[in-house]
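In structure tokens, the next block holds one chain alone, the form predicted on its own.
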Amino acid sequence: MIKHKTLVAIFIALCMGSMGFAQKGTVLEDFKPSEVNQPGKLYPQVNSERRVRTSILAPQATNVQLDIGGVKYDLVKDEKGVWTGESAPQDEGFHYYQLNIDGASVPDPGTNYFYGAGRWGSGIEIPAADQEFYALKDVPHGLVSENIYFSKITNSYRRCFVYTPAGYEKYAKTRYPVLYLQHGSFEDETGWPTQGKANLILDNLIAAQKAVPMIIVIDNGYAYKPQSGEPGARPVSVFEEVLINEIIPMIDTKFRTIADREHRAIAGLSMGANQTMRIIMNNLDKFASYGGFSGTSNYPSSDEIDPATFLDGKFNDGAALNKQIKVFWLGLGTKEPNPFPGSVGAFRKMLEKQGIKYVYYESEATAHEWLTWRRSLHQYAQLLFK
């Protein structure tokens, strides 16, 4: 005869086993290799639930985790020393991630590497429902060129990437407007041509006749004066000076631009939104359009903004700004974390108080991430130079 306690134990074990099968069954086994994997690599993979599955050989390791979206997920080791596991569903779009092996954070050897979060590391593309606007299509494609130059202001070699639209080489007498486009904090000039897919976004817009053919200049927002050598001296940012006095003259000399303010726009994401806001307001003789993606120059404050003192009173005369700025554009993801909603919200209230015309766009179900910024560029570019 089986005792009561034994029956209870068997029942609990069966229930736990059923729960385990049910939990495993909730993960759809339709995983496919990520589009940003290194050639021939099967992992990482993504399924239709937007889960990320990673796998790595680490036979001597005692603990391996997938670190994505601010959450760490334990991987399981098999008899061959291969660790495999998956995340919870992720938001659509591009995300940085890493593996944690016995406490050491390392890139996943299966993916291409991207510069973000202040390092070269792994990235994953979660297919988005609206990915057609940045997809690689059978349309005329522009050229992204790497331009290396010496900056006397920083006393260093720097580089920018320049997108020229399809037909630039063919139509040798045509001149083009220019968009200066900046990355965010802990990223660099590689962000927009790779994670941001800026060239594909413009290729598709121009092919559909939704955007004016334009040149895009993508430089590194980190630019500092040469160090004084004094102990503890903090670096002084001079990006605005580099852009105005070195980059713009270089681009206008080297490329067939329309070199006036009406045909020159500027935009940036996060830190880049802060930088470009200050740059346009200090140089309204150089730019006529502004785009702020997930940020403004009152970051991180969400307090009420006094236009009489904010940026030295440059927003005090709303009527004058409405005549000077052709496109004033702000974009934000609906899932952005603090302080961005409060900061952008406070800035919008100040604009409305001053009667300053602007366009506001919300990226549905995205946070402080590249799909928000891809969508922002897609919307903003359609309004420029018209």
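Just so it is clear, the structure is predicted and the values come from calculations on it, not from any experiment. In case it trips you up, residue 1 is the first one in the sequence shown, and so on.
The same protein also has a form predicted in complex with another copy of the chain, omitted here; what follows describes it.
137 is the sole member of 234, 225, 210, 137 with a non-hydrogen atom lying within 4.5 angstroms of another copy of the chain in the predicted complex.
Screening 200, 284, 247, 153 for any heavy atom within 4.5 Å of another copy of the chain in the predicted complex leaves a single hit, 200.
Partner proximity in the predicted complex, defined as non-hydrogen atoms within 4.5 angstroms of another copy of the chain, places exactly one of 323-331, 357-365, 37-45, 344-352 at the interface: 37-45. Shown alone here, residue 73 lies farther than 4.5 Å from another copy of the chain in the predicted complex, counting heavy atoms only.
Within this chain, residue 57 lines the site of another copy of the chain in the predicted complex, having a heavy atom no more than 4.5 Å away. Not displayed here, another copy of the chain is kept clear of residue 301 by more than 4.5 Å at the level of heavy atoms in the predicted complex.
In the predicted complex, another copy of the chain lies within 4.5 Å of some heavy atom of residue 145. Residues of 87-113 placing a heavy atom within 4.5 Å of another copy of the chain in the predicted complex, in sequence order: 101, 102, 103, 104, 105, 106, 107, 109, 112, 113.
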